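What follows is one chain in structure tokens, specifically the form predicted on its own.
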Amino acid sequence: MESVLLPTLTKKEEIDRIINNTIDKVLVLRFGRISDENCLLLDDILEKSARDVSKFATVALVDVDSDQVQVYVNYFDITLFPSTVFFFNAHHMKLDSGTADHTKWVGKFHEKQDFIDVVEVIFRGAMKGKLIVHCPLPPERIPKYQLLYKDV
């Protein structure tokens, strides 16, 4: 089931356009599959939160099964789904959540307020010129995962 409220991007040009045209707001890109249960759970949280964060964030979904977005899937090393990447004024925002990878949020958020808190911290940090911010969530609410390195 595709999201009714959130745009789904399937082309590199669409992703380029939304990254470059989202000004003074956090851009939240969820990379995943519409057939994945965890992606659907995250999409539900994103849809419920979209209105609450609309003054300082824009949320869009990226279909990783589209051949035309593989350049971004490879660039951000998206191997676990869902993965969420954040931008502000076309700059990639990083989130220190205590995991080995600060470039993206891997997994789903436990609840709507967790997502809102993370986006708000990214927005406030970005407005101060920061490119990396500390995650406001307690460690037990941060998804744990194993990083798998190819060809190592």
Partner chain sequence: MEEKNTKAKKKPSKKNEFDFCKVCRFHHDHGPRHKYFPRHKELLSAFLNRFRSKIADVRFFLKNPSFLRPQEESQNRVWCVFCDEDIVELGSSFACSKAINHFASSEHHKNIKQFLWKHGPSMDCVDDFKISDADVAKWVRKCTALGNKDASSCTGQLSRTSSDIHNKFEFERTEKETHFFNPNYLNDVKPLLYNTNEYQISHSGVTHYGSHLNVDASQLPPGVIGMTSNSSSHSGDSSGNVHSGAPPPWLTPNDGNIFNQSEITRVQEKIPVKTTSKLNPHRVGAAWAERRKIEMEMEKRGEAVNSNTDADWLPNFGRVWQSGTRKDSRKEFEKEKRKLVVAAESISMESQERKLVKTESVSMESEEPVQIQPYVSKRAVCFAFTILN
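What you see is a predicted model; the values in this text were computed from it and never measured. Positions refer to the first chain, counted from 1.
The same protein also exists as the form predicted in complex with its partner chain; that form is not shown, yet it is the one meant from here on.
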Out of K48, H91, R33, H110, which one falls within 4.5 Å of its partner chain in the model of the complex, going by heavy atoms? H91
Can you tell me whether T10 touches its partner chain? I mean in the model of the complex, with a 4.5 angstroms heavy atom cut-off. no
Considering non-hydrogen atoms and a 4.5 Å limit, does its partner chain approach F81 in the model of the complex? no
Residue-level contact is defined here as any heavy atom of the residue lying within 4.5 Å of its partner chain in the model of the complex; does G129 satisfy this criterion? yes
Does any heavy atom of T58 come within 4.5 Å of a heavy atom of its partner chain in the model of the complex? no
Output flag, V26, S97 and W105 jointly within 4.5 Å of its partner chain in the model of the complex, heavy atom basis: no
Contact set, 30-51 vs its partner chain in the model of the complex - heavy atom within 4.5 angstroms: none
